[in-house]
Structures are given as structure tokens and as C-alpha cells.
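This document starts with one chain, in the form predicted alone, laid out as C-alpha cells.
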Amino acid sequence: MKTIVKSRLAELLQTMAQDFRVLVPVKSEAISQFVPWQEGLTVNLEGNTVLPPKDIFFPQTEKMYKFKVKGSSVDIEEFAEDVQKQVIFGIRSCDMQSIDCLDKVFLTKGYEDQFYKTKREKTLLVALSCTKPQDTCFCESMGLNPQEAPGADVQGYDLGDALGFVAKTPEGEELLAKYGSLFTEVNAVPQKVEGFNLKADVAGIPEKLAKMFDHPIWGEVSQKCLGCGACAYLCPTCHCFDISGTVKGDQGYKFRCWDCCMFSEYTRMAGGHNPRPSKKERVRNRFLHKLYYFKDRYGQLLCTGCGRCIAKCPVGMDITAIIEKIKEAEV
């Protein structure tokens, strides 16, 4: 295993930053997120980030194309993106799984989103194993291994005073070889993962939810939801967006921005009809999408067990408790 002592991590990142845009987890006051590396930053190696890394591929606001009216015709031009090769360093297994979910949404089923694809193709992923799950983590229950991230180019391990790295793809091999002089080859064993406090039994849940669209459980679990949308914005797999435009005179541009299925305006149609008029329908849609619809369409759940929605919900809604309610419900 290639290793580097943690005291030399900044040297490694600084060297990588000469060739790539390097994004690292950094904590600033109460918020931690992935930001571009620059000298002097302290990389947060303890726990996962509060904000997920999805905005690296799917920005919160993104210009799509501009237009100009010329008489009876319209010239349309996409915004050209100058995307630099980039490395996401320190991404956890749950967030790696979320990227796999987003890949399926934006790159499969007959349509490729070029905005997403361009960034995704220029990104190398260096995962970091977890050794101490946070109180709200339950990725293991969702079938993930916190020490082996699915789809990573390089898997990193916390070895205590050092970090160890193992290439998982040819691109990962090339990346480690490029900075080989900074590593020491050691026969190291990754630290064991401490037990998870939180668990969820999802066996049979999608199949059961297929029969629960009109079940009274949705009226019950939606009662305390505030509809604030914090769960969706912090979720690494949520990907609802809206397209808006700005027009000045005979020209303007269109842009997309994150939206949230927990907001009533999200499904409001021209003329005022709304197929999800109350919290009950919106909460139902959220959990059916996470635990049934996405599995039906893509073959996997849309929850990775990162626990962000549990940690930050202002009224303590807990998806693992709702899974348990579904498990116990009579149908």
C-alpha cells in the first residue's frame, strides 16, 4: 500500500494542484464541504461533510444557453464550459454511491446531460474510508462498505498517523504513479470500522411500498414535516431542478437551479392544478422515490445512508424510523 504521513498531506495536495483542480473536505465554523485546495487550508479528515459533493457535477445554479431574437428567428448558443481536470479527495463511500445514482439519472436511459457529463468525465475520485461512523450514519444498512467506496479511482485508508492508498482503476494507478515519489510502500492494514449505532432493514421495502400509495401511513409521517426542504438540499442524491430565464430586450439566457419536491410550487402546473397539493402527497412522493420508484427504474435505492437528512431535520424526521414504520405497516 502506498502511504504518506498526515503531516505531509498538504505537500501532496499542493503538488497535485499543479496538475488538477483538487477539491478537499474543509470545515469552516459549523459547515463542512468540498472546496478547491489552496495552501494553508486544513483538510477535515474527521467524519463526512455537512454539504454533499453533488454540486461539483450539478451546481446549485448553472447557466445553460443564451439566445438573441433577430426578426422572426432566434439564435441560440450554449454556454461553453472550460472544465479543468479535477480530483475529489476524501470522498466517503456513501457519497461515492450517490455519484453512481446521479450517473444513472444524468447519463443513462437514452439521454446524456452534457453539463453533468463534461464535469464527470474530467474527474478522478479519491475515496477515504470511514473508521468511526457518525451517530446518524447507516450506510452499512444500505449495502455499502464504509472502507471500500464503489466506483472510486483510488481508495484511501486512515492508518492513524498516515494515510494509505490503493488504486482501483487504471486512472487511479496513473494518478498514484504520478506522485509516487511522495509515497512510501508499506504493508499496512486499515483500521477496523467501529459499529454503527443506527441501522435500517430495507429488505422487502420496495416491494411493500408498491402496494402502499394510498396507505394512511403518509398522513401520519407527514404531520410534523415543515416542508423546509433541508433534507433535499443536503441529500447527496436529490436532483430536482427548475429552469428559469432572464430576458433583457431582445436577448437573454436560461439557467437551471436546484428545486425541491417538498415545495408546493415544484409540481404546480399552468392553470394552478397541483397533483401534490398537501404535505401528505409531497412526503409520500419523497419516500416512494427514495425507496421504490428509483429502485424500480434503476435497480437501486436512492438513499445511501449518509444520514445528513436525519442530522439536520429541524423536527427530527428520521428515514430509518419511517422505514421501520413501513416494515410494520399492515397492507
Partner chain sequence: MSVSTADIKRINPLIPIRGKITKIVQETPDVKTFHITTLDGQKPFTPLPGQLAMFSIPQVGEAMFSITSQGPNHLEMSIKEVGQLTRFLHEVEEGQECGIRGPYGNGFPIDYCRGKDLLFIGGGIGLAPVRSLINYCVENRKDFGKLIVVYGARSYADLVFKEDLFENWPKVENMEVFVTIDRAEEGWNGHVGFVPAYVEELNISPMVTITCGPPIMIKFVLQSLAKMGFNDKDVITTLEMRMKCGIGKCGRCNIGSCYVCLDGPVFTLEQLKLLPPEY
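Take the two forms, superpose them, and find the largest set of C-alpha atoms that agree within 1.5 Å; that set is the rigid core. Remember, it's a predicted structure, so these values are computed and weren't measured experimentally. Numbering follows the first chain given and starts at 1.
Just so it is clear, the following notes concern the form predicted in complex with the partner chain, a form of the same protein that is not shown.
S.K.: Heavy atom within 4.5 Å of the partner chain in the model of the complex: which of D201, E220, E112, E173 fits that? Just give me the one.
M.R.: Exactly one listed residue reaches within 4.5 Å, namely E112.
S.K.: Of the options T267, Q300, Q38, S32, which one has a non-hydrogen atom that comes within 4.5 Å of the partner chain in the model of the complex?
M.R.: Answer to the contact question: T267.
S.K.: Using a 4.5 Å heavy atom cut-off, indicate which stretch of 224-232, 67-75, 122-130, 137-145 touches the partner chain in the model of the complex.
M.R.: Flagged stretch: 67-75.
S.K.: Quick one: does V166 come within 4.5 Å of the partner chain in the model of the complex, counting heavy atoms only?
M.R.: Outside the cut-off, so no.
S.K.: Using a 4.5 Å heavy atom cut-off, state whether A80 contacts the partner chain in the model of the complex.
M.R.: The answer is no: A80 has no heavy atom within 4.5 Å of the partner chain.
S.K.: Given that the partner is absent here, does I243 sit within 4.5 Å of the partner chain in the model of the complex, heavy atoms only?
M.R.: Close contact exists here: in the model of the complex, I243 approaches the partner chain to within 4.5 Å, heavy atoms only.
S.K.: Is K54 a contact residue for the partner chain in the model of the complex, using a 4.5 Å heavy atom cut-off?
M.R.: Residue-level check for K54: no, no contact with the partner chain.
S.K.: What I'd like checked is whether V247, K254 and D296 together line the partner chain in the model of the complex, meaning each has a non-hydrogen atom within 4.5 Å of it.
M.R.: The answer is yes; V247, K254 and D296 each reach the partner chain.
S.K.: Hey, which residues along 299-331 are within 4.5 angstroms of the partner chain in the model of the complex, non-hydrogen atoms only?
M.R.: None of them.
S.K.: Is it true that G249 shifts between the shown form and the other one by 2 Å or more at the Cα, once the core is aligned?
M.R.: It does, since the G249 C-alpha is displaced 2 Å or more between the shown form and the other one after the core fit.
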